[in-house]
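One chain is shown next in structure tokens, namely the form predicted on its own.
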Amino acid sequence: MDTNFDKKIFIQNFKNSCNKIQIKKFVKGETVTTYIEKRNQICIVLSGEVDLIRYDLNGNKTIIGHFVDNDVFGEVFYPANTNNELFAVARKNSEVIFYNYNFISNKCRRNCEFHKELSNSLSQLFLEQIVSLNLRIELLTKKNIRSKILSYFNALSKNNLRRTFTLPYSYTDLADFLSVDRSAMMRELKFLIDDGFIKKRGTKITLLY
């Protein structure tokens, strides 16, 4: 990844320079988008929070991803056979950029300098999303609830550069994200506290190891 790449500056330039984007606002609980086959849509969170949710045939909910300011998501990251199962939903009031990746090969009407750098800059955003997807795969391959919890807490600790952090989810949604039973997860959290691995106050977690 390009260490000189500044995501915030790029997104602001993208917002102000590209005439092929749409910017929309959503209230908490509103569907931001559904994943539709071959639409190749890219979304960037300007403000707020968005969850990517899947429902199985029995109506069970799984949180696939959680996106905050300057995070990127969209159909371009998922194979077509999963698209009709996925919904992006605003966790808070949010503002989101929409862009069709197919436009990347089309010249801007303004023929602006910004679009000459667009392909490379988007690739930097994609790399971050790939890292996030790899974390998701790693969590799902853990064999027990304790391993899933600790792996996720370790990732949050590294992202926040501190041992104390606030969970981005309620505990109900955390169980959905980890694909575990909530009651079993809460029992395991108590065991982790009793065993001296963590401290917990509400959704604030401190790692002790």
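The structure presented is a predicted model; accordingly, all values stated were derived computationally and were not measured. Numbering starts at 1 and runs along the sequence shown.
Below, we refer to the form predicted in complex with the DNA, which is not included among the displayed structures.
Could you tell me if Leu140 has a non-hydrogen atom within 4.5 Å of the DNA in the model of the complex? It does not: once the DNA is placed as it appears in the model of the complex, Leu140 has no heavy atom within 4.5 Å of it.
Report yes if any heavy atom of Arg182 sits within 4.5 Å of a heavy atom of the DNA in the model of the complex; otherwise report no. Arg182 belongs to the contact set for the DNA.
Verify the contact flag for Lys200: yes if a non-hydrogen atom of it lies within 4.5 Å of a non-hydrogen atom of the DNA in the model of the complex, no if not. Lys200 belongs to the contact set for the DNA.
Taking the DNA as it sits in the model of the complex, is Thr172 in contact with it (heavy atom to heavy atom, 4.5 Å or less)? Yes, contact at 4.5 Å.
Which listed residue (Val50, Cys43, Ile145, Ile53) meets the criterion of a heavy atom within 4.5 Å of the DNA in the model of the complex? If I apply the 4.5 Å criterion carefully, the residue I get is Ile145.
Is any part of 186 to 201 within 4.5 angstroms of the DNA in the model of the complex by a non-hydrogen atom, and which residues would that be? Contacting residues: Met186, Arg187, Glu188, Lys190, Lys200.
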